[in-house]
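Single chain ahead, written as structure tokens, the form predicted on its own.
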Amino acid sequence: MCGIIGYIGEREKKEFLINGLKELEYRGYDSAGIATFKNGHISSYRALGKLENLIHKTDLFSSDGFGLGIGHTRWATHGKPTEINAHPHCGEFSHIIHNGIIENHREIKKNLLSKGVKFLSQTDSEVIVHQFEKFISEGMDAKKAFKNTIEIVQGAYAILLITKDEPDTIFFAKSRVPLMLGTNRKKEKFMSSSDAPLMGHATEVVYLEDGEYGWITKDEISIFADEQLVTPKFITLKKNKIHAQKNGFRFFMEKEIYEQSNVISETFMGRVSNDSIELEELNNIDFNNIDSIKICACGTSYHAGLVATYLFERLSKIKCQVEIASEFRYKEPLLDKKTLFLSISQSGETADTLEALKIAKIAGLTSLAICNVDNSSIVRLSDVTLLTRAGIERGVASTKAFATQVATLWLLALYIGKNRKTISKEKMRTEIEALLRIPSVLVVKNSTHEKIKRLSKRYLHGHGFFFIGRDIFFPLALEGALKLKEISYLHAEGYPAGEMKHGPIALVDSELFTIALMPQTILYDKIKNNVEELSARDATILAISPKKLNLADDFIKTSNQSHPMSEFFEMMIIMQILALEIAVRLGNDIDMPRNLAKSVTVE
């Protein structure tokens, strides 16, 4: 969830770039940097951590008068969060910022190293600037060198490049990562990965399409696709910054539901190849010395941990237990040093999870954190960390944080399975194929959202909800019930479907709404039997399934998938939207529900 900002014009560039990066802080980052170009000289500054560190570094620097500049907030994918890995990256006479991943960077780097090119960072991004300068050293002008560089690199990217060979120009390229260009009546030019930094500055913007590249000066914008000049389609930029940050959605929660497809791609970047899972953060853990996993978490993170217990035992063939952190703290747990202690927290500051981690550390367990916030307390205390890369989540009711936690845990289960040799090559290929389909599964269809919006009006009364599922869909049922409770204030419970007749079925009548998660890939016939038992007792049933169920009062059809996790993520997003639309009809505050805080830092 890196951020990009660029500018050409007369104003103080440092100030504009840093203010622009502040507008992008919500995306999440671990380092930041800027580069400005004026009077033939490029000035570059980078800093680890928050923007305040970059502001302090540039305190005595000024860059007024005509010139250009680029700025970047980085969330590490290749290489640890360090100043040397922060952007901009430099060659001998050029600087570059890049969001995304260059999938063939190893091949490009190997070729450049053989020709004597020196690299400073561990990033994939650095190959772009060196390849560009290599083409120039072979006699190409800057525009041809940039075009040829873009033709070589493969992957997802938004790129801005400045070079002394073209002192009034910023080069740009876009593929699968957002990038927009803007202008105003003063002939200032702007570049950004989001609307928010340009509000109040640019009056018109063009959103680049995948495969487009070009260059921008004070006087012109040249955009190309397939070597053909493209006429840019400018639109008026709205003036409301909050609206911009919401990307036109009604609520941050709604925006975050819709952006799960993109953030899952961020989670996978640099970690998933065609036949393997690479988690370089874990290279120093000997998983042959680990014979069990203990997971501690709270709330939504606990539900993600419950999903992981199925994945670890099924794929990694390793014993796994998940506990609510607030209970674990006081139970005098028996801990073994061959147990991997896994803490899950969106914020990294969850008080109960942090205290549970301290207990594990004292007992000498190896600790691994699954977290969204680098440099948080849990991250600092843990031996190693896998960042989920969800970006900042504004809605208090977690959506994309949960999705990326589950995705990261799935990667971890496969990685451990590979290391323990418990998963065959064929099974690994099947799992990776399923992994790579998840971003497309998470794309919200307008027709599905509209159907849920219409259905929601039928679920505003009654005396409660049962969310039921089996296997990995049981913790998903728990999460669906929690989402509804958090923002609608209606009573809801999640249950394993097979447990209904062991007591809860006594509550069933027509005013008890049952949300049934009915995947075709896991135990479909079993849960169908459970639904039939509820229907016979006059329950109102909403079935979510790829298979039509005649007994259901309402039905949301999911797509035909061959892997349970594909069905899991599709049903997850449906339940998130259902909770949202019910709460909207009830007139509740979606992003800031009563009595709740985003980060629970007290017991």
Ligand code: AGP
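Just count from 1 along the sequence shown to find any residue number. Since we're looking at a predicted model, the values are computed, not measured.
This next part talks about the form predicted together with the named molecule, which is not shown.
The three residues T300, Q346 and A397 all sit with a heavy atom within 4.5 Å of the named molecule in the model of the complex. Put simply, I257 is far from the named molecule in the model of the complex: not one heavy atom of it is within 4.5 Å. Proximity of L387 to the named molecule in the model of the complex falls outside the 4.5 Å heavy atom cutoff. Heavy atoms of T267 never reach within 4.5 Å of the named molecule in the model of the complex, leaving it off the interface. In the model of the complex, E486 approaches the named molecule with a heavy atom inside 4.5 Å. The stretch from 412-420, 99-107, 476-484, 139-147 that comes within 4.5 Å of the named molecule in the model of the complex, counting heavy atoms only, is 476-484. Residue T350 is the only one of S94, S192, T350, T404 with a heavy atom lying within 4.5 Å of the named molecule in the model of the complex.
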